[in-house]
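We begin with a single chain expressed as structure tokens, specifically the form predicted on its own.
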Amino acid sequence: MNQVELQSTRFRAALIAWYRLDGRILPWRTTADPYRILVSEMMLQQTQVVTVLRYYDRWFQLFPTLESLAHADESDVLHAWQGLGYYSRARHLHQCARWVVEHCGGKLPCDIKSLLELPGIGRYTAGAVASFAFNLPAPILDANVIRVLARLVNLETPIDREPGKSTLWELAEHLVRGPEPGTFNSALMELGALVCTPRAPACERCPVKTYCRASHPQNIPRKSVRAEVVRRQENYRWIRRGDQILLRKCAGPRWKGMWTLPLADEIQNDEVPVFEMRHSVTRFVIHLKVFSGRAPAVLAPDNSYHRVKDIPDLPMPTPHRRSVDVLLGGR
């Protein structure tokens, strides 16, 4: 065994030993069910663990199997995802379930190549399913793992472009080779979540600090210059007719298949919004304003009235759900 392999073996052993003692017990870590692991990985993309925990068990009450998800209506899938944001993940998960039922007999494949052929499955998700469900030595790179590995080798090049990306994938692929690859990947992620944090990393209690080359870990990983934040205003109408509210079904791609308030094409200078809020989507900061309006003589093709009592069952983006709840007086 050469020195590099010896270091890798000791690093893996130290990290896994720490994880067994200090790692959190999370529901997706106590199962080898590929479907449950796939759902968790899709939910955890760009979403904090504490948020996902509120949705995870409820998801399986609605869609207990891959087959049940495949046969579900997209509207029900989006409604179940409501509040997690980035709704393309829900659509990809739904499309993936349908593909697996139609082409794979309802069972997720175990090899990376086949997983990558599924709709909406990228290299990270394929690696996560392969390692966590099938215990295969598949590399993964999420935000936590990227941070840990970049600091481990003191990577100075930006991680969001080449050659930084390739360097990290190669390192992840090298380190995952060995016993218990799924446990090792979980340990890497947990180290980034609990110890090797973005700000003020707890280096003094890091179980693998002797292997880390970063002299100033708080400055790593590095990224290329971020795009400037874009501020945008979006105007909508609040149109109520008795116990019904006018809504618009989005064609996408941002909120495809979901219901929002109808767009306000023209706003008069003297109009005052009845509701407003700000929210962020990637690099956009959106100032959402809702103005009272009159019922149109002719409905647009994507607009329709809905009874107030039926609105909780419709899939709606969180900003519009909040708008409606406030304007209905919290109902």
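Numbering starts at 1 and runs along the sequence shown. The structure displayed is predicted, hence computed values, not measured ones.
Omitted here: the form predicted together with the DNA. The next part is about that form.
Comment: 79 to 87 is the region of 235 to 243, 202 to 210, 79 to 87, 176 to 184 lying near the DNA in the model of the complex, near meaning a non-hydrogen atom within 4.5 Å. Residues Tyr56, Arg248 and Asp325 are none of them found to lie within 4.5 Å of the DNA in the model of the complex, as judged by heavy atom distances. Site annotation in the model of the complex: the residue of His71, His216, His103, Arg254 reaching within 4.5 Å of the DNA with a heavy atom is Arg254. Residue contact check for Val274: none of its heavy atoms lie within 4.5 Å of the DNA in the model of the complex.
In the model of the complex, the DNA stays beyond 4.5 Å of every heavy atom belonging to Asn154. Proximity of Arg98 to the DNA in the model of the complex: non-hydrogen atoms within 4.5 Å are absent; the residue sits far from the partner. Contact between Gln45 and the DNA in the model of the complex is found at the 4.5 Å heavy atom cutoff.
Shown without its partner, the chain has Leu118, Pro119, Gly120, Ile121, Gly122, Arg123, Tyr124 in segment 101 to 124 as residues with a non-hydrogen atom within 4.5 angstroms of the DNA in the model of the complex.
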